[in-house]
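As structure tokens, one chain now follows by itself in the form predicted alone.
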């Protein structure tokens, strides 16, 4: 049977709209659709395969194949031509199906007599929901018109599937979207557990009428939305705070270029003229963009595709007349779900959130930094969560295990609530220790301090029992703004922080940017390995004006009180010496200007590179204190990127080699009388903290919620016994002391 070279998708969509308006359950509706498509494209076979789950596709309707194969023929993702289309999210067009790479013979379908094969993914916003296939006996490839028409029809089927148009009893229950449980495993962004209801950062727009009755009217709607979109971008570019040059402005210029790209707009208009509603036409182009993003390795090109994807989201909101969620009207048990989010946007939601789940993000991203500061459980890189989640869905977030349960079954919910209750009971027990010292059974007292990054963190200081703030991250005030903060504003902030801390000391870490922390108004150099590049004190010494401004703000904010400042990522003694000289010159100048200078000043350094452990003795004599930055030091010691899931868990803090290295640092500091502390995630893990303390660390700084568990454990152990266990493990040639320490705690009946 011949098939048409030129197919008018508008005719097929008009008939499809009439078919969808007819009464009937999901199976009847799908059966009518495949028959309609087969007739419209002049194909002998038309079939629809739908996703059953993450792994399987099921033949759910066909015109031309054996009817008994419906709901019995299944293919894995990647298996056969259909599975290949679903896996790659791209069409497959061949005149000789049986001899095409990946072909799988399914005898129950009777398809062996058909040579020509065309399949297109049924996808929505980059998520493949199924595959639409047409076949003919005659051996020839389908024309571009047929391919395009089938893609347009597939978009409508995807929208109807999202609306639940194909739900029915029995086998067609698989067409029920967003109903069953969904589980995602990601990465730990911030520890903690939370139960609540989903709040989507980006609204999920579902189009009830995906087929347009008046293409000209839809094009007019699109043009109006495009005009509004371009005005938004132009407004961002014309804002006073972006008049300076820099990477942020360059990015916005690229953003503006995409918004004015005629090819992008023309492709959307072509889809509208083929019969799609404007929103569906935008989604069709957005799906193509997301498919391209999944295949691009180059980070620059991926970033530009992200820009295009974000523009599509903005355009969809304008077409639908929906404002983005800004955190004003959210439920008390809100858990935010987003593809990604900036630090300022997350701060808009603030402590109203119980948890955050991101489909993207990194351990060191701005969002992760803010989540830690707000003590909000955060799971990052949770695949497909934005596709599956709906506003109001019941959700469980376990930041300790990096797992997310969406619409969980009762058994999962009950087990999760038991964990929350146990944690709450433990917190009550820890509260009783708040005013007691972290003194071990053999009389060694450990100083426990908290990490902070926002003014909102300071109320936790007396509540958690911390002796002070061992690390205040000053970069957050720079990251959440579009311009360099004013010195007077920073001085006022630092003054409020010291007021809130009262008599407890606060150690301010100077601006730690670079690597994964990028200021929007500072041009970022192209670096093959940013973690080992231009960052932290290196930026400060090259941009002395910014460093001086921040140090002036710290001096003025102290208003005569003691001031503790440390410089991050010091790799050589000369760097610390240069930064110290700048600070002393600032103090001298402030005194000359008649400003009140701090009663005492202590200038410290963060030891985050192995090189500094072997610095000359004059460094240890010169610096007033040293804080080991455990997160960076461990990744450099083991040459294992802490954001790379393939390697970051391979290496253990309680490795004998790492503990011996920490012991070396302890010895150097003891030799010169230099106060030493350990700051980082491992300081807040009770067993890891015990190993560090047994190695000689006497001050730890951690997130507020970890102080109770660490103190409770330390008060039940004998450090002499733990030191002996580590020595035995070392003598036996064991790689890690963890098994021995955990066995010791188990024998003593000490929970950890």
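Positions refer to the first chain, counted from 1. Since the model is a prediction, treat every value here as computed from it, not as a measurement.
One more form of this protein should be noted, the form predicted in complex with phosphoenolpyruvate (PEP), which is absent from this view; the next part is about it.
Only one segment in the set 644-652, 606-614, 416-424, 165-173 has any non-hydrogen atom within 4.5 angstroms of phosphoenolpyruvate (PEP) in the predicted bound form, and it is 606-614. Remark: residue 631 counts among the residues lining phosphoenolpyruvate (PEP) in the predicted bound form, judged by a heavy atom distance of 4.5 Å or less. At the 4.5 Å threshold, heavy atoms of residue 388 stay clear of phosphoenolpyruvate (PEP) in the predicted bound form, well away from it.
At least one heavy atom of residue 509 is located within 4.5 Å of phosphoenolpyruvate (PEP) in the predicted bound form.
When contacts are judged by a 4.5 Å heavy atom cut-off, residue 680 counts as touching phosphoenolpyruvate (PEP) in the predicted bound form. Taking a 4.5 Å heavy atom cutoff to phosphoenolpyruvate (PEP) in the predicted bound form, the contact residue among 475, 345, 398, 309 is 475.
Residue-level contacts in the predicted bound form: of 222, 376, 358, 471, one residue has a heavy atom within 4.5 Å of phosphoenolpyruvate (PEP), and it is 471.
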